[in-house]
Ligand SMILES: C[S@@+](CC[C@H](N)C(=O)[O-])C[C@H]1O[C@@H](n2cnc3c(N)ncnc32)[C@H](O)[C@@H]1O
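In the block that follows, a single chain appears as structure tokens, in the form predicted alone.
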Amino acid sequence: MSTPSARHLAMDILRRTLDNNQDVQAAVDDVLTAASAAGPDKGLATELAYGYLRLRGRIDFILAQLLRDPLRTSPVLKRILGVAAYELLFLSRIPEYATLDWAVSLVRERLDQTMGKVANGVLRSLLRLGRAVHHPEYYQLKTAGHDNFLAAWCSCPQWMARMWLDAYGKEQAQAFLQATLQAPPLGVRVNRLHPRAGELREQLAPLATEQTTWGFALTQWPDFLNDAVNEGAATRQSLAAQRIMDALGVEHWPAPVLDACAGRGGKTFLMAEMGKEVWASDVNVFRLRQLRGEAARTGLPVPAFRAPAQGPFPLRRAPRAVFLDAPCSGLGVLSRRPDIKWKRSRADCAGLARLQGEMLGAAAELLPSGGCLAYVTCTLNPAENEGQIAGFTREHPEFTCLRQAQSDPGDNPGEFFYGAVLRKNEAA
């Protein structure tokens, strides 16, 4: 049996993501576009790639129990077995014989007949485990230490499980980790300044699983939203990202606001839609080009210029608020970007924390007395969040922390943000 197209596409996505370090969504877009994939192949390839990345740790743990020598097993064999295992364990609509056929055929094609027999034996052994591998007790019995259990059951690197246990304790760490294993809801923000805003909000309300005044979480993307996005009446943005901005009281920030890590402008235009005067800067030319495209789409004229968030900034006057949507380790959005957990390390987190400190220092110098400094990350790492703000206020006693906010597993399924707002005190 030849390997079905969807599995070839999924393997190509994973190769680009894990071997070539491409972001998973970019890899999905590139592979599916190049193959002109449509219909079932497109959907299945995406499901296999994202599903495998979310559950790779658990799958690798199971396969390690079944392989004779996991450390010396060919990476090609392990990757094919991993995707096939995801299909067997989590995609019940696909017949087991079909999964075995394509997986064994692909191993024979890429390795040899002997390895094909190994693949067949391993996958049949996996099937004999039955429902046991879907229960935490299987992993508890085979691991020593709660960090190793969480790494296996919740599919993450051991260092990350240990960090979250130390930071949040057993119950909350497990809640955070388990939330990352589910696909997050689709998010949309209605542009409150658009003539169709009220009509669109009424259309979305009955479809939403959760909502704020202008933001909605959806299980499916209705066709009418495509036109709304094209017209600038709506923007794709996770509800969790919108909620952290609400929690930080954007409406109370003084203006103009310098968005010093604007990226493509998701939060930039949220502020603009609230009536704030916003200036946007970013060090990346491509992201600035996308931001200017967003300005044209939404009809909101936001000045944008190139500058690193560590400064200097080519400004004729000082902003009254600086917003830092800081580059971070991204450990709060693993449900949407599951490849991150297999690419990050403790050293990466430490390096990002140093960069964030430099950005905060530059913002401190830029602001006048009475100015506002807002800081947001999409990670769960105290060194980049609470620890970062505590260190900043120690070094800059002229700043007072007015509020801090952290997404909760019960309120933001799958995505978690941290934010803080500080004020630069008036000179004595």
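Quick caveat: nothing in here was measured; it's all calculated off a predicted structure. All residue numbers refer to positions in the sequence shown, first residue = 1.
The same protein also exists as the form predicted together with the ligand; that form is not shown, yet it is the one meant from here on.
K267: heavy atom within 4.5 Å of the ligand in the predicted bound form?
Contact check for K267: yes, within 4.5 Å of the ligand in the predicted bound form.
N284 near the ligand in the predicted bound form, any heavy atom under 4.5 Å?
Within the cut-off, so yes.
Would you please decide whether Q178 lies within 4.5 angstroms of the ligand in the predicted bound form, comparing each non-hydrogen atom pair?
It does not: once the ligand is placed as it appears in the predicted bound form, Q178 has no heavy atom within 4.5 Å of it.
Residue-level contact is defined here as any heavy atom of the residue lying within 4.5 Å of the ligand in the predicted bound form; does Q310 satisfy this criterion?
Yes.
Taking the ligand in the predicted bound form as the reference, which of P256, G263, G116, G232 has a non-hydrogen atom within 4.5 Å?
Flagged contact: G263.
Identify which of M359, L366, L55, L44 has a heavy atom within 4.5 Å of the ligand in the predicted bound form; exactly one of them does.
Spelling it out, the residue with a heavy atom inside the cut-off is M359.
Looking at 224-232, 351-359, 204-212, 79-87, which stretch has residues with any non-hydrogen atom within 4.5 Å of the ligand in the predicted bound form?
Single hit among the candidates: 351-359.
For the stretch 313-343, return the residues whose heavy atoms include at least one within 4.5 Å of the ligand in the predicted bound form, in the order they occur.
Heavy-atom contacts to the ligand in the predicted bound form: D325, A326, P327.
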